[in-house]
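Each of two forms of one protein chain follows alone as structure tokens, named structure 1 and structure 2.
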Structure 1
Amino acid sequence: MLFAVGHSNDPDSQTAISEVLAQIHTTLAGTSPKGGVLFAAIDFDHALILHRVIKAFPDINLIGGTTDGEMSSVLGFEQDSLTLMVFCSDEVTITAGMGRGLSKDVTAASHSAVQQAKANHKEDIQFCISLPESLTTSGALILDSLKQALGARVPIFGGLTADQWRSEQTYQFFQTEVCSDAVPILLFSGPILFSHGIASGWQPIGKPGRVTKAESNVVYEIDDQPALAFYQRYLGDLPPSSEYPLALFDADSNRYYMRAPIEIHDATIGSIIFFGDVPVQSMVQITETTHDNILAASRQSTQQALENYPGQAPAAALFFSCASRRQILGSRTGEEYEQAQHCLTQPLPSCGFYTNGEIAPLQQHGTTYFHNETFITLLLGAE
């Protein structure tokens, strides 16, 4: 497989996509890409950009979305920028699909995307990349619907689209179409190798508890006591915040995924709103971290992916990191991408974005989960 990346931080949409396409054309040297992922800041003219990409590569299967920051092997970490990775192969099948109207019927939209994308695959699907809406529908519900449509054995990677903390409207891309309230996907089948790693940098502290009352992303009680009391036991008068997320433990192991609190839902009863659904009966612990530990997690994620890579060496990398990580790291955010690169013996074409929630299995070929405040590395290559 051949991978190519372009990245521009020019604020003008026409100039930015011209720079991105020029960089990619130089790498491809006439080869036509089969698939691509586009990550764009919220204020670009997205329709113009998509039409330029499709005009340059008429046969590409393209998805993408808006971000809270971008990263690539061309410019490293940037904000208000535009980056595109394309995939070329004679043997790997890559197809795109889009489901619309998530808030009306999340199951129908997810199944529509999968049905559209699966139509041209003759071999088993190896994995899926998805970049769904984040503001109109539960990310966990979208993921559950995709898993149902694809089958539980197909791993899903990606992140929820963002709008730089405006919480107004995010956009999803499919070919030349700019949508909201949608779920775009890319499916891969054939002789493609992949592995992934996940790490957050947060460590559980204190005594575990069991969620005894919750509805969607609102937790009312932990151990039959107000959820706020569970937090106050360890944090005192500090309000729940993204700096102290909950670790939710996988039922079959000591692995955990993260749920970040947004705010107190109702102070009189002690309920808390989180950035993702929290299932009743989940075992949870409060977590803590430092800036250095958050940064080290990107290196740990990439190292984990390298150790699990099934071939000799990967040919490209995709990264999905959380908007809350970027907010907490502030001026040190650029170090996160740099840490991920420290594990690599040679530079890889790479691309990624800061998301409103990350998607990946907890382990290789395991069940896919919806994450908060996590750094995900996806390595790709050919057999």
Structure 2
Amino acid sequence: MLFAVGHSNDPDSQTAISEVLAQIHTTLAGTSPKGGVLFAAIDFDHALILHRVIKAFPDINLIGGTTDGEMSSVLGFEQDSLTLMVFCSDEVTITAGMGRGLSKDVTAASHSAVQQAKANHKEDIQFCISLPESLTTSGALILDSLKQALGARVPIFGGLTADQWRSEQTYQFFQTEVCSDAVPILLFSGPILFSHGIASGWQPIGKPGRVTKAESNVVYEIDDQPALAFYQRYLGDLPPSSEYPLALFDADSNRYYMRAPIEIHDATIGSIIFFGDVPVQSMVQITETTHDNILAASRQSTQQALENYPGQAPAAALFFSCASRRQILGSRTGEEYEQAQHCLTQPLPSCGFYTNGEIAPLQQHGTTYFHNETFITLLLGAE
């Protein structure tokens, strides 16, 4: 199995895609890719870029989306850049599907994406990569219906598309199509090996509270007070933002997962929209982190993936990291990619993006969960 990566930081769409394609052509030396993932900054002319990719690789099954930042083995961490990874294999089946209109009917959209992608597979699906919309529908809800359509056994990896912290509009790509409110997926079957790692680095701090009123991904009240008051107690008058997520505790242990706020839902009643569902009665606590904690977690994620890799050595890596991590790391964001690379014994073609929410199982071959503030490493290779 052959993997190739291209990455350009030229803000001009034509030049950028030319550079990316040139880099990939050099690696492939004439081989035709079967599948690909494209991560593009929000300001590019996405339609133009997609047409160029399809023209260059007519057989490709392509999905992609807009980002909060990009990274690859070519340029490391970049912003306002364009990166593409392609997969070539005669044995591995790779197909793409796209579900549209998530906010109207999340189940129908997810099922249609899975149905479209599943059609050409003769063997069991090994795993799924998905890059869904983040701003119109709860990420947890999208994931639930994807799981339902695919079967809980199929692990899903990926991240929610982003728009450089603007919370205005994000885009999803499928072949030459640019959509919003959609869920593109890539399905893999055949002799492909994979493993993943996941880590965060955020710590709960301050006083815990109980969610007393919530509906799906909107939290209205914590401890019978407006949810906004809970945040303002700690953040002052500044609005809640995703680098200060809530930790949600398991009912009977100290384990927690995180839910990051998107924005204020209704300022008069103090409700907040989150990137994922927050169940009523959850115990929550505000969280914070430091540069060092974030970077240690990135390394841990890649180490975990390597330890779990089933074959000799992986041939490529995909990274999905939370936009909030970039937000906190600031000028040190580049170190996150370096930390991940640091664990690898040999340089691998790799590619990734900063997301509005990450998707991966907690354990190898476990059920897939929706995450915030995490760094996901997905290692790929052939048998």
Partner chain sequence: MSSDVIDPQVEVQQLERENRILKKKLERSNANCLNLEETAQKKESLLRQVIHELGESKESEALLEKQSCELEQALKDLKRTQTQLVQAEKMSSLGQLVAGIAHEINNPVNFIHGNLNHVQDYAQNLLDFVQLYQSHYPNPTPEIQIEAEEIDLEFIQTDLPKILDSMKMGTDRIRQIVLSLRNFSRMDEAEFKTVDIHEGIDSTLLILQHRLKDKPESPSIQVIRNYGDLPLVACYPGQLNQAFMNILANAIDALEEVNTKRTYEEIRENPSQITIETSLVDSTSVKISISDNGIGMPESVQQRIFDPFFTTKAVGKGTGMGMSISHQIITEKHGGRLDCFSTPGKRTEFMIQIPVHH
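Between two forms, the rigid core is defined as the largest C-alpha subset superposing within 1.5 Å. Counting starts at 1 with the first residue of structure 1 and goes up one by one along its sequence. Small disclaimer: the values here were computed from a predicted structure and weren't measured.
Student: Of these two copies of the chain, point out the form predicted in complex with its partner chain.
Tutor: Only structure 2 matches the form predicted in complex with its partner chain.
Student: Quick one: core overlaid, is residue 312 moving 2 Å or more at the Cα between structures 1 and 2?
Tutor: No; residue 312 is a residue whose C-alpha shifts by less than 2 Å between structures 1 and 2 when the cores are overlaid.
Student: After a core superposition, would you say residue 281 shifts its C-alpha by at least 2 Å between structures 1 and 2?
Tutor: Yes; residue 281 is a residue whose C-alpha shifts (by 2 Å or more) between structures 1 and 2 when the cores are overlaid.
Student: Treating the chain as two rigid parts, note the angle in degrees by which the smaller turns against the larger between structures 1 and 2.
Tutor: Rotation between the two rigid parts between structures 1 and 2 amounts to 27 degrees.
Student: Determine, in Å, the CA shift of residue 210 between structures 1 and 2 after the rigid core is used for superposition.
Tutor: C-alpha shift for residue 210: 6.8 Å.
Student: Core superposed first, then measure: what is the displacement of the CA of residue 223 between structures 1 and 2, in Å?
Tutor: A shift of 8.3 Å at the C-alpha.
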